[in-house]
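Okay, here we've got a single chain as structure tokens, the form predicted on its own, with questions on binding and movement later.
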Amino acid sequence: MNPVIRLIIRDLRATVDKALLTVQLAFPLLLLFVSGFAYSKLIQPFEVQGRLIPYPAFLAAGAIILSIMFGSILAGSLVWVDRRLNMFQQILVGPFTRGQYILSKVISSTLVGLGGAVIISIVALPILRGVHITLTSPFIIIGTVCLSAFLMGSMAIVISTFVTSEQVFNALVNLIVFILMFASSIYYPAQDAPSILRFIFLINPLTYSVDLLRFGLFGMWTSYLPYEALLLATEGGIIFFIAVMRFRNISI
């Protein structure tokens, strides 16, 4: 069997269990059904590209992206667990290279994030009013999900190479997730935010993930969508490159 596939199967067995799936899906579902319906009476439908979208449906794209983020980070955190338990050293002693190891982690995080996105999408179907799938929608949705999972998984791997304790790792991940989540267009459109906050939105990769997925779900198209996709891919590539460089400096 291919070494990368063997490592991916190992990661999926360690990641896909009831406890981790509960963590991955709990917050996005709470966001979708609690915040979405609780605030729907207070927040009027948003106008996006000339179309009115109810707030629960607007939040649905954010819930899907959050499930990807949590799943990818959980899978990426296996790097830190391997290092703590000295499994990283044992794996490299076997028929595996550093490149195969990190590639397997990124693919595993992408698959876990994709699985969470599928589950959230199915659960959210009853509230996705206004969904309009076009010929380009599947490509936008699948591409966004994969790019987002790739970026988040790479980010978790980078974090795991800098920390030496579980407390610091969890605290740092929670802080980054908190910043990314609230400084993005998950809860409200970027164009309606104050100018300073809008600038933060524009450097946050989660904004591009949510916007691309939202436009894909609602069959919308704007001239800047290709640029958002390019920026998301570029940011993911940069973070992955940093992860590879960090792994070169890790001693066995």
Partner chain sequence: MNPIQVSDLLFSYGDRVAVNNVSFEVKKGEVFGFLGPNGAGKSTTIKILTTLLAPKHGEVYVLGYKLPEEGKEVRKRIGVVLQEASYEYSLNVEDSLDVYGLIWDIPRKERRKKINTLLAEFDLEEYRHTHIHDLSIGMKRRVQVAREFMHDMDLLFLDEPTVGMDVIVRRRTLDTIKELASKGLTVFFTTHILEEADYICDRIAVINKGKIVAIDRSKNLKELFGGIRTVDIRVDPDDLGFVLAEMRKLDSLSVNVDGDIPGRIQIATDKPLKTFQIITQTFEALNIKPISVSLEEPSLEQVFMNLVDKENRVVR
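Residue numbers count along the first chain shown, from 1. Everything numeric here is computed off the predicted structure, so don't read it as measured data.
As for the form predicted together with the partner chain, it is not shown, yet the points below apply to it.
Only one of Ile238, Leu231, Val244, Ala14 lies close to the partner chain in the predicted complex, with a heavy atom inside 4.5 Å, and it is Ala14. Interface residue among Val118, Ile142, Ile176, Leu92 relative to the partner chain in the predicted complex, by the heavy atom within 4.5 Å criterion: Leu92. Between 110-118, 84-92, 167-175, 153-161, the stretch whose residues reach within 4.5 angstroms of the partner chain in the predicted complex through a non-hydrogen atom is 84-92. Residue contact with the partner chain in the predicted complex: Phe182 places no heavy atom within 4.5 Å of it. Within this chain, Thr97 lines the site of the partner chain in the predicted complex, having a heavy atom no more than 4.5 Å away.
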